[in-house]
Structures are given as structure tokens and as C-alpha cells.
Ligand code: ADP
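Next up is one chain by itself, shown in C-alpha cells, the form predicted on its own.
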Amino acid sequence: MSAESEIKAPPAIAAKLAKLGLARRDDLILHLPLRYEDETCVTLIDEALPGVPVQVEAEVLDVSVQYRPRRQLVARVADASGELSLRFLNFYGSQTKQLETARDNARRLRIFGEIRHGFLGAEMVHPRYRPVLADEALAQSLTPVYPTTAGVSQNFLRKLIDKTLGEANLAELLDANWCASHALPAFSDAVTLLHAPPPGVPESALQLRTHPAWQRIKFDELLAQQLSLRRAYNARRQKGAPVLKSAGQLAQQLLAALPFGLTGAQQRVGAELAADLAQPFPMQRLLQGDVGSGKTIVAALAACQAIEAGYQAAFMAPTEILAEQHYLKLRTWLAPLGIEVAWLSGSLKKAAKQAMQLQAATTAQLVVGTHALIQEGVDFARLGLAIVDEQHRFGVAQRLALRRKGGNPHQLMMSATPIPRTLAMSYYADLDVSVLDELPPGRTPIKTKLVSDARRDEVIAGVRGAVATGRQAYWVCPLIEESEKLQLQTALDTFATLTEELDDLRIGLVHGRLKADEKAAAMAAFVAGEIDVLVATTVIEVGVDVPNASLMVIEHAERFGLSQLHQLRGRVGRGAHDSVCVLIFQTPLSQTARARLKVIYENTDGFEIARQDLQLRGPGEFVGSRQSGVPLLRYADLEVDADLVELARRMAEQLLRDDPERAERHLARWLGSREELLKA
């Protein structure tokens, strides 16, 4: 960062500004108001509407410190229309003196706040005020209210930003004619207006961020994000990677041995991956697919290509249960083809772990595991392909660690949490994205039922009925033990209750605090049909595949996110039997919980659920731990501003191709040194 661009401030103030992300002049210019206060006019006390912030101008009649019901400072003021009390529950002695001085010298105050009418008449609680001279001019623009932190006052920020605006370089970095054709004002006009809007600007357009000035700022922010991600993408393509060309014999042998054929979507995505792996630069592809769309077999085919080309593949999953499920499935498919499949997890005993580490470093062709794959001491002989399942569960650093284990292998990231198109375009612009948008034949539709907690007995009877027909059931709870705060039904309590009420059935229990071998034993017993009802926490959320399980009961469904509910529901409907997902909820429901349950009840398409979830929650949680690599957008709203995302994407490609120097300046203005964060 150049000395010119730094904010000039004492170290203590600079440290506080840094908490707000303000280190450069450009940061200050782009630190935009949360809202505005209108001090451009004065309202008479008797004409002020309750609950509406107004500015009044009045003389101080009386000042006193009162002690009922607690110590407080009260000043009585009046204008030509009426009287008003100013009440301060927390105050300094200097405030008392200031108000008394105004009273004694007949000085007028300009007071800003909301008037409310109570038992003691009209009053403002903790208003902002200042003494003014007779006929002192009113503000010529709306007063900005900025995001701030302790020790940085609004007044200080206003003065600092105003000074910076007068000195900073607000040069236009985009073509003026292009901006005009898309109804985007000049950058300097946009920031100047947003920091100090003239009185005629509709406040609703400022508040809702629909004003053209806001549109320009949101576009510029999205453009900076797109430029940075596209540059990261281009930079990766300059790096060398193993060329994984093969005749495809292993893949053909695997397909011939499978009891099912590939869907059209699996064939299409498989071809995309095969083409990527044969390139001399690293594949960086995100494979999206709804629950049950068959991502694992596509990944297995990619692994076959890497192995046939003489390289290893690694497959990392976020939980031990999921990783072991993948290991068992992949070993079943690949071991008959002569492929050596190794298993590595943190729970292995020391001797077993060392043996597996040796295998990974020498003869293993596919290594499946959890975070254990990226620990010290784990080395790969010749890693050509790194596969990360449920990639949003891993942080950027963890995904990078796996990539570094092999120098620069190709990377395939998979997610069963579908990402809305707008979000994918914005946050995953540095990745190639493939979508499995077709479910394999034979997947039975799942009926979803919403049931109040008061009807729990009916649900238990339904479980008994399902088991009587030879099926199995899951019963999922959100917590392991009782929380005094939330008072949720827990896995341990539910296990005890169901064991008592369904004493003729075999009830199992699995949760995150069990030892790995205990979890594995419970899951193996359920898969083998030795357990009728599996009580579980969300450790069974992804990847678990038991075709005979046809009933899913989710306790306290109102406490789960939509993607979790959709994932859990996808654990059933995996065989030929009619399947049901029962969502038990507690009343009363909040408006948000009601909206979530309505979405999951009415939709089975994961992409539609994801789109509506984005509307309900915003992008933050969707991006998951990706946010440790990509700063969340401050101003743009991906749902509302979808057209701007598309426009920014096209402009980013054009600038990088035709005017990289201008692209560089735009990135410097918006991101400064933070661009490095995006390259993970």
C-alpha cells in the first residue's frame, strides 16, 4: 500500500479504523452510509409525527437532574408551537452544563430524534442536539449514518470521509458511453451523492438501494469480484499439471460391472471431466448434483482415468461416516478391477495409520479419507487428482493443503447443496461448474408430511407400521444432550423413549460424540438390516445410502436449515419402496420457520429449494467456508441484482482481454491487498 493512499491518523485511531476495514483513502470513499437523517429542515414540535425522526429548533426552559425512577437528566424545551422534554438516562456533567448555559444565554438548540407522547407529555429520549446561532443555515444535504465501531464517532467519520472525498482520485475507470447506455452514473457522481444526498433525492430509493447511484456502486463491487476471480482462474491455467490421458479401459470395465447404466447427465459431466484431466493445466471444477444424482460414480470414473494414466487419486470427505461409506462403495467397485484402495482416518490406531500412510506414499492408487489426508506425515507417491466431497464443509486452507500434497494435481469439488445460478456465477467464477440435473431411474418420489409435536404418538405408530412391512426408519434429532436454552428433544432422550415405546423393535443410536468404531458398528448394523430404527443426529446428513430405509422422521424440523432438511430427506427414497419424510415441528412457529417448512413441503427439486433459501437467508451461509477465501459482498444483493451479476461478468471478461491496466486499477480501488484472499 503506497504512503499516498494510506489514511493519515494517529496509531490508536488507525487501529480502530482498521477494525472497520479502513486503511486506505479508497476504503473511506467506499465506506457508504447505512442510512440517512434529514437535518435539511426544521419541524414544529406540535407538527411532528410520532415515531418519525425529525429536527426541531427550540429554547431551553428548564434543566434538572431527577431521581425517579432512576437518575436522569431532563431538559424542558419549547418552540412557538409547544413544549418538549429531552430525557437522558446516561449523561455526563458536561451535558448538564451545556444545557444550562444554553438556558441562561437564551441560546437555541437544534435537536434531532423521535418524539413520543407518554404520561408526561411529548418527549425525546437521548436525542442528538447542538446549540446554534440565530438564523444559522440548515444542512444542504441528508446527514449520513455510517457503520462504525467503539471509539469512532459519527462526527469524526463524517469529517474524515468528507475531507477524503475532496482530495481523492475519483477518476472514471469505465467507458462513459457504456455506463450511460446502461443507466449507470459516473463513479464520482455516485459516491458523492451517496455520501451527501441533496434533499430532493427520494429516501426510499436510497434506503432500498435502488437509486442509480447505488446501482453503479453495486455494479462496480460485482465487477471487482468477477475480475479477481477470473484472474485467479486464468492464473491457475498458467500452472502445469499432470496430463491424465488414458485409453479409458478401466472406466469401461467399471461401467460394464455396474448393475445400472449412467444417466445422460452423468455421461455429459463424465466427458467434461475426462477432457479437463487430459489438459496440461489443473482442472478446477465444481460438480453440483442434487441428493441422489450419482456424483460418486462420476468421481470414480475420473479416478479411473487418473489411475490408468499412472497417477494416484485422493478422495476427501468431511465426516468419518461419509468418508467410510465412500471407501466401502469405491472399494466394492474398484478392487475387482485390480485397483488398490486405501482408507485413512484420524481414528485409526497408530500402527494401522502408519501402515496406511506408507501405502499412500507407495502402492495405493486411490486413498479415501477424512481431514487425516492433509495431516503431516501423509505423503502421496504421485497424486494426480484430488476429489473433495461436500466441499463447502472444508475451509480454503484445507482444500489447498490437499492440493499441495501432490504438487499441483487436478481438483474436483463436489456438492450436494445446489447453488443457485446467480450465486455460482458470483462466488464460483474462478471454477468451471458442472451440474448433474437428472436423477437416476428407480429413485422413488418422497412424500413430505408436516406434523405438530402434539401428534408424536401417531408418528411412533407410523414407524411401527413401516417396520412391520419390512422397511427401516431414521429418527433425526438436532442435539445430543439437553440444552437449557433451546429445550430440544435430544437423541439420547429419543433413543430412550423409542426403546421403551417400541420395545419389540431393534433401536440403534449414532451421534457425533460416539467413538469412530462405535459409529461404524451402528451404521454397519443398520445397513445390514440388524437395526429397525436408527436414532441419529445430523451425522447421517450426507452420503448415507440404505435402500431399505423408507421413513425419515426429523425432530424439531423448524430448527434446521433448508439444505439440511433436503439432505436428510434424501437419505430415504433410495430403493423401490414408497418413502415418507415426516417433519415434526413445535408450535408456535416463527414467520421464518413457517416459510422454511413451506418451501421444503412444496418442493423436491434441490435447485428450487436453494433458490428460495437464498431469498430467505441471503448468500452468506450458502458460500459456507468459502467465505474465508472470498469477501462477502457488502452492497450487492445477488437475488435482487442478478442482472448486474451477468453484466459484471461480461464486462470483466472484456476488460481482462482488452484493457488489463484498467482492470488492475479497478481492482486496486475496490480490493487493494485483499485480492490475495481470492486466489485460494
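Here the structure is a predicted model, which means the values were calculated and not measured. One rule holds for the numbers: they count along the sequence shown, beginning at 1.
Below: the form predicted together with the named molecule, not depicted.
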property	result
Location of the named molecule contact in the predicted complex, chosen stretch of 551-559, 425-433, 361-369, 294-302 [non-hydrogen atom, 4.5 Å]	294-302
Interface membership of Gln357, the named molecule in the predicted complex, 4.5 Å heavy atom rule	no
Contact of Pro440 with the named molecule in the predicted complex (heavy atom, 4.5 Å)	yes
Proximity of Leu262 to the named molecule in the predicted complex, heavy atoms at 4.5 Å	yes
Partner proximity in the predicted complex: Phe495 to the named molecule, non-hydrogen atom cutoff 4.5 Å	no
Listed residue (Arg76, Arg230, Arg464, Lys329) with a non-hydrogen atom within 4.5 angstroms of the named molecule in the predicted complex	Lys329
Option touching the named molecule, based on a heavy atom within 4.5 Å in the predicted complex, out of Glu320, Glu123, Asp290, Glu221	Asp290
Partner contacts for 557-580, taking the named molecule in the predicted complex and a 4.5 Å heavy atom cut-off	Arg574
